[in-house]
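Listed next as structure tokens is one chain, alone, in the form predicted on its own.
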């Protein structure tokens, strides 16, 4: 069985996923790529030898030979593309978030359920080997009953302000990965969110109506307390760490470095800075999440990150923003 695949979106992540399928997923074949910027799609197609290029993704939907689509276009297109893909009977892998609006997300999930197709959301960090090991330690009881969780996620530099204006902001664009990671690691649902945030990096981000520095406290139904801290700028590199404390011990992760060298002299002990870009830090996780999607198709098993997993972090992001605006803890039931 060879799964015929259409890629929608020829930007950075679209190219990465297309490369993964072409070079690392033998049971799948990319047969088409679409992007409104047709030149970008054509460039990726020529580089990767994808046979069909179009600026209209509907051509892919109309092709009965396409079995699955990878939705890598801008967030504002995810809902219509996913609904049309479901109605066309295509299995769907979509980048996060599904949408910024819960009603639109629910429309997608309803279409997917009615069509009976596979639907996976791209929360790639679950597939990172380091974070997977933390998950194993917590869920197996290796560190006892979990009490506290702390997630650090800091970008090396802020994105362009024009991106900030359409991204959904820090809570729905950046921290949404950490909301998902918190649920994944704790293995329970969040009941309450409390946010403190400010503009400490770039005044233009504040002028755009967003924040660039934030701490969020999550209270889980099982009693676990988690904190997430985000910053749009860590001058030393891409800072991605987790620490968990349980009744029987703890587990923590370090940043990933381009090498393991430590230089020691009479003046200092130092090493190179950590990896500076998310595409470098999470290379393995991008491959593993796409592989899991196609495994679910081939073996007709549930996808590891389904529609509800894509919806809940958006609820958490909306609650975090409401908490910041109203200066109080917010229960998730308030924004459902």
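Numbering follows the first chain given and starts at 1. Since this is a predicted model, take the numbers as computed values, not measurements.
Below: the form predicted together with a further copy of the same chain, not depicted.
- No member of the trio 96, 113 and 177 reaches a further copy of the same chain in the predicted bound form with any non-hydrogen atom inside 4.5 Å.
- Of the candidate stretches 80-88, 252-260, 166-174, 102-110, only 252-260 has residues with heavy atoms within 4.5 Å of a further copy of the same chain in the predicted bound form.
- Checked against a further copy of the same chain in the predicted bound form, the candidates 205, 117, 185, 224 yield a single residue with a heavy atom inside 4.5 Å, and that residue is 224.
- Residue contact with a further copy of the same chain in the predicted bound form: residue 74 places no heavy atom within 4.5 Å of it.
- a further copy of the same chain in the predicted bound form is approached by residue 154, whose closest heavy atom lies within 4.5 angstroms of it.
- Residue contact check for residue 92: none of its heavy atoms lie within 4.5 Å of a further copy of the same chain in the predicted bound form.
- In the predicted bound form, at least one heavy atom of residue 134 sits within 4.5 Å of a further copy of the same chain.
- Scanning 215-244 for heavy atoms within 4.5 Å of a further copy of the same chain in the predicted bound form gives 215, 217, 219, 222, 223, 224, 225, 227, 229, 230, 231, 233, 234, 235, 236, 241, 243 in sequence order.
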